[in-house]
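Presented as structure tokens, the chain that follows is alone, the form predicted on its own.
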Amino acid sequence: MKRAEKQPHDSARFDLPPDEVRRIGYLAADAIASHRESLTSRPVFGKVGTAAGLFSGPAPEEGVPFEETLAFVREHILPFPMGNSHPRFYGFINATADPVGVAADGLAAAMNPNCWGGDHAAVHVEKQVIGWLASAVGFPLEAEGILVSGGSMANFTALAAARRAQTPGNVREDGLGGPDRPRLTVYASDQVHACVDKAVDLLGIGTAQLRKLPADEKFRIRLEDLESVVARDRAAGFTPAIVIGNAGTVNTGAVDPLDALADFCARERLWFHVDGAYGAMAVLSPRLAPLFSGMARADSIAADPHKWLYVPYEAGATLVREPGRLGNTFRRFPEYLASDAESPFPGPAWFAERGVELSRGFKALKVWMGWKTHGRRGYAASIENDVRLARFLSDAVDGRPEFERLADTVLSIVNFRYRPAGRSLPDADLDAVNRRIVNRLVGDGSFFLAPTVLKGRTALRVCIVNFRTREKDLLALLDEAARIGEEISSASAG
């Protein structure tokens, strides 16, 4: 009898016994806990700088023990984070990760399913999560959706469905090019997220057909301007198709008049999409939900659980009111994925036909476990606290003569600038001073925030989606910003 050939590789490297899996899991869990424990003793933003050489060089030919690899991670990777788990991180809209979600990501990775479809648990969990999210924003039971990487892909997916729904004929086959094809137009305020520019570009609509209307003094879309521009476009032979309302802009947290936009879109037969990547989940709070009146009337909504549900990246969501719209847009099953009528594989949803991706990780578990653990009330209380802290900071800014607030505080974003008390500086000089304040705060590791520009003026922008932040952190921010601002402006004057 012929002897079996030796395996070409050592499978024991990969197929670890349960006790070894437990051992390395405990080591990794200890590293995670130590990382979180030591965050406040390190700079908020872990700039790598001159240590970047550690991440150069070829891929290794031979492996090393897990302990050695983990030791490198503990020494050279974990101490240099983006910073958004630190209580003094206020940049962009990067939330602090809930430890429940961190654990869920590990469990999801252990299962390692491909969530394009099938009658396995991960697909049922995602379907339930989509139902929870749709119910939260006021969509009907039959609404459908899909989890994606974040707000950019959530908006892209929704706008693709809108393009398919609003284009005469078969846009999937005929496209938008050619003299006899419609010229779709899309409308939003000039505060709309930049991902919308990318979407209208990649969907073939073209950025020249994206009408960004100047926002009002509260950074919301002006309905009268929208009505005028849509009428003008119709008269010029364009095909008005999509209106985008903001449920929390990235610059200021402003919420557009969603009810009025819904009325207008119904009257004009336009697709009403709401970008709620930042703000939509605030509807979980009965106190904050009235801010979003009209959002439930949208045709589609983008939401980001990795913002105000505090789950680790990545977890965005596209929600569409009318079932079938996503399938009409993305359905394209190749032969090797086809299932016959007697196949045991099909499950509750074919997520592959609701979006761009076929290979999809198990994003839903961290959302599901977080919601099961904290409940709606837990999320509502934490979101309300973020908003309360923003209003606390806003009031503190108003009470100090060396600061000037530049926008209303609607959700959890506060925009203000340093302005030396008793001295007058031109706006251009104030802009430069405030940019330098931000760079100093980030550079010395004390805080992380980002500047933005509002009506041509540089603002210090603080966004709080951080359950670790306290009032003392915000007061310390103002003290340090004032100290640096005085130092910079005095040196410039001298």
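Note that the structure is predicted; figures quoted are calculated from it, not measured. When you see a residue number, it is the position in the sequence shown, counting from 1.
As for the form predicted in complex with a further copy of the same chain, it is not shown, yet the points below apply to it.
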| task | Counting non-hydrogen atoms within 4.5 angstroms of a further copy of the same chain in the predicted bound form, say which of V230, A241, V250, A349 makes the cut. | result | V250
| remark: The listed residue (R297, H124, R391, R419) that reaches within 4.5 Å of a further copy of the same chain in the predicted bound form by any heavy atom is H124
| field | Non-hydrogen atom contact D427 with a further copy of the same chain in the predicted bound form at 4.5 angstroms | value | no
| A110, heavy atom within 4.5 angstroms of a further copy of the same chain in the predicted bound form | yes
| request: Report whether the minimum heavy atom distance between L365 and a further copy of the same chain in the predicted bound form is within 4.5 Å. | output: yes
| Any of the heavy atoms of R13 lying within 4.5 Å of a further copy of the same chain in the predicted bound form? | yes
| remark: In contact with a further copy of the same chain in the predicted bound form (heavy atoms, 4.5 Å), from 220 to 228, 328 to 336, 396 to 404, 261 to 269, is stretch 328 to 336
| remark: Looking in the predicted bound form, the residues of 428 to 450 with a heavy atom no more than 4.5 Å from a further copy of the same chain, listed in order, are R435, R436, N439, V442, G443, F448, A450
